[in-house]
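Have a look below at one chain only, the form predicted on its own, in structure tokens format.
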Amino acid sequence: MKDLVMETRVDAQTVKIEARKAQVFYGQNHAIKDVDVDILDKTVTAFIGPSGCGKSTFLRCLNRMNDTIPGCRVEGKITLEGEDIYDARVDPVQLRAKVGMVFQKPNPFPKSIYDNVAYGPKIHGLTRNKAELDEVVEACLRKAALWNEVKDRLQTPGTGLSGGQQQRLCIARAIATSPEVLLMDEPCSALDPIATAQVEELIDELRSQFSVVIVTHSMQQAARVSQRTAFFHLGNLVEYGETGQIFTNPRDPRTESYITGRIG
């Protein structure tokens, strides 16, 4: 199957994250096997596949969230703009400022709306004074399409917002450190259809500034929001290419079986 993946390699100038022979082990369990993939800049890349196929596990490799799981081991090479993110000299905290993450369930900090967004810039020393911090908070809430809804209650708890607003607050928090890549692990699975549509619209807007990688269980969502799609099955990256091609003319029979509902 490697030749299918190899065909999709692209001009190195547009590649943000490159994975070669990426493997993940949970103890003896070989969860991710020999994944080769190029994640492009200013593009939404969707990871699709059946539950338990490894898509979220691989996503967590891209900002070393798997480091926090006891017994988890990552092998192979993953680079961000040519720098090996698993090099011993790389600080995972600094890496996560560059590769932000939004989780499945909205998880605002038990702080004010303002402090949720201000937290990252504060701990990373990205602003020099309160006025700059105010600007960053407003800019990120605007980018997350939340400013008009919360501008008069910035000091109220983030946990008091609706589910969809909480998820957009988490997106504002993730982009407040000016990351280069934004990872989203099923960001709409806990949301109603209206909030889902708002977040999808936001993902499309964020693409102009970030490389966005989204894990989704919804093929319709992948088709709507992404330009490139990777199909995972049983820990393998089966096929990776332009979203339209993956959904209309898959090269691998396993991809076709998943898209037509025969497996999954």
Partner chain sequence: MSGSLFTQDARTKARNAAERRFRTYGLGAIILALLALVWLLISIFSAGLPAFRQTFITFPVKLEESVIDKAGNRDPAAMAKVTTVGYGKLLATALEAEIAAKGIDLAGVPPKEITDLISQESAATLRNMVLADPALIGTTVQFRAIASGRIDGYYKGRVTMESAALDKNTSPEKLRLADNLKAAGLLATSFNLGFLTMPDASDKRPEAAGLGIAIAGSFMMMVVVLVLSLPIGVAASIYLEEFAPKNWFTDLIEVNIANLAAVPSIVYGILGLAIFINFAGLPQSAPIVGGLVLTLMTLPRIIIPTRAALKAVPPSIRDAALGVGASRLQTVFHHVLPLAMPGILTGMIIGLAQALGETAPLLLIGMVAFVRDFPGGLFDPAAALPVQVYNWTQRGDPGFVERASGAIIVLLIFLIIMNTAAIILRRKFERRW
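Predicted model only: the values in this text are computed from it and were never measured. Numbering follows the first chain given and starts at 1.
Note that the form predicted together with its partner chain isn't included here; everything after this is about it.
Participant: Which listed residue (101, 74, 145, 85) meets the criterion of a heavy atom within 4.5 Å of its partner chain in the predicted bound form?
Facilitator: Filtering the options by heavy-atom distance leaves 101.
Participant: Among 238, 223, 65, 195, which has any heavy atom within 4.5 Å of its partner chain in the predicted bound form?
Facilitator: Comparing distances to its partner chain in the predicted bound form, the residue within 4.5 Å is 65.
Participant: 170-178, 185-193, 75-83, 137-145: which one contacts its partner chain in the predicted bound form at 4.5 Å, heavy atom to heavy atom?
Facilitator: Going through the listed ranges, the match is 170-178.
Participant: Can any non-hydrogen atom of residue 164 be found within 4.5 angstroms of its partner chain in the predicted bound form?
Facilitator: Close contact is absent here: in the predicted bound form, residue 164 is far from its partner chain, nothing within 4.5 Å, heavy atoms only.
Participant: Considering non-hydrogen atoms and a 4.5 Å limit, does its partner chain approach residue 207 in the predicted bound form?
Facilitator: Flag for residue 207 set to no.
Participant: Taking its partner chain as it sits in the predicted bound form, is residue 93 near enough to touch it, meaning that at least one heavy atom pair lies within 4.5 angstroms?
Facilitator: Although its partner chain is absent here, residue 93 would touch it in the predicted bound form, with heavy atoms inside 4.5 Å.
Participant: Does its partner chain come within 4.5 Å of any heavy atom of residue 150 in the predicted bound form?
Facilitator: Residue 150: no contact with its partner chain in the predicted bound form.
Participant: Are there residues in 139-159 with a heavy atom within 4.5 Å of its partner chain in the predicted bound form, and which are they, in order?
Facilitator: Heavy-atom contacts to its partner chain in the predicted bound form: only 159.
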